[in-house]
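Encoded as structure tokens, the following chain is the form predicted alone, with no partner shown.
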């Protein structure tokens, strides 16, 4: 099946609680064979019904026309749209794994994921990946919080066996850590907030400043809470003289 750039219908197959605040939802559908997957950090836009008891109506548009089509829909059927990262995609089985950070019912995606059950409907739109280490990269740095964990874990698990990398992952504590199948040359640091609210801890930048990093030409992937991301990027480019074009950064959320 050829790759399509339109919202695709899918339904929940399984839900799996990974940590107290992270759940993995697997969705499938006959159209997912056309879901284009470019690799780690692949963006998937999800479409949810506007209310728990409302039907899900997807925009009928290709390419960049999906967003104007959503905005033109009446309020009572306009879907909620949120951005997430693909954790795993199996084209043969037409299965897509998405990991959701749960923070109660304060957000529509968290509320949906917390109550999701097999058979629930969702829409998904493939929208590309930005993680792209240049060929001359000697080692990689991954920095993020729980929201960046799916992208970081997928990237680490896709590394060749001889890769050298350092990962700094902020989380709420030991119960929030998950297994990552990392090559021998990859060091994963789980950084606990120790009671601080998400988006308020300095544990990432403090740890980064204290580390002795590998020699050679780096590539950095930095994602998560916006202030943390900009602070890390400023340190890498300003204090460590890492060229800006070798640092991919993205604020996934803002406190």
Ligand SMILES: Cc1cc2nc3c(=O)[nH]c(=O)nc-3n(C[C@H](O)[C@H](O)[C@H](O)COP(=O)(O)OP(=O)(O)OC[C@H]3O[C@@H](n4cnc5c(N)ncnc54)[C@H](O)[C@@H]3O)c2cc1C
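None of the values given here were measured: they were computed from a predicted structure. Residue numbers count along the first chain shown, from 1.
The discussion below concerns the form predicted in complex with the ligand, not included here.
- Of the listed positions (93, 103, 121, 88), a single one reaches within 4.5 angstroms of the ligand by any non-hydrogen atom in the predicted complex, namely 103.
- Contact with the ligand in the predicted complex, judged by any heavy atom within 4.5 Å, is made by just one of 168, 116, 109, 164: 109.
- Comparing 93-101, 168-176, 67-75, 181-189 against the ligand in the predicted complex, the single stretch with non-hydrogen atoms within 4.5 angstroms of it is 93-101.
- Although the partner is absent here, residue 43 lies within 4.5 Å of the ligand in the predicted complex, judged by heavy atoms.
- By the criterion of a heavy atom within 4.5 Å, residue 249 is excluded from the residues contacting the ligand in the predicted complex.
- At a distance threshold of 4.5 angstroms between non-hydrogen atoms, residue 218 is out of contact with the ligand in the predicted complex.
- With a 4.5 Å cutoff on heavy atoms, residue 147 counts as touching the ligand in the predicted complex.
- Residues 82, 83, 84, 85 are the ones in 72-86 with at least one heavy atom within 4.5 Å of the ligand in the predicted complex, listed in sequence order.
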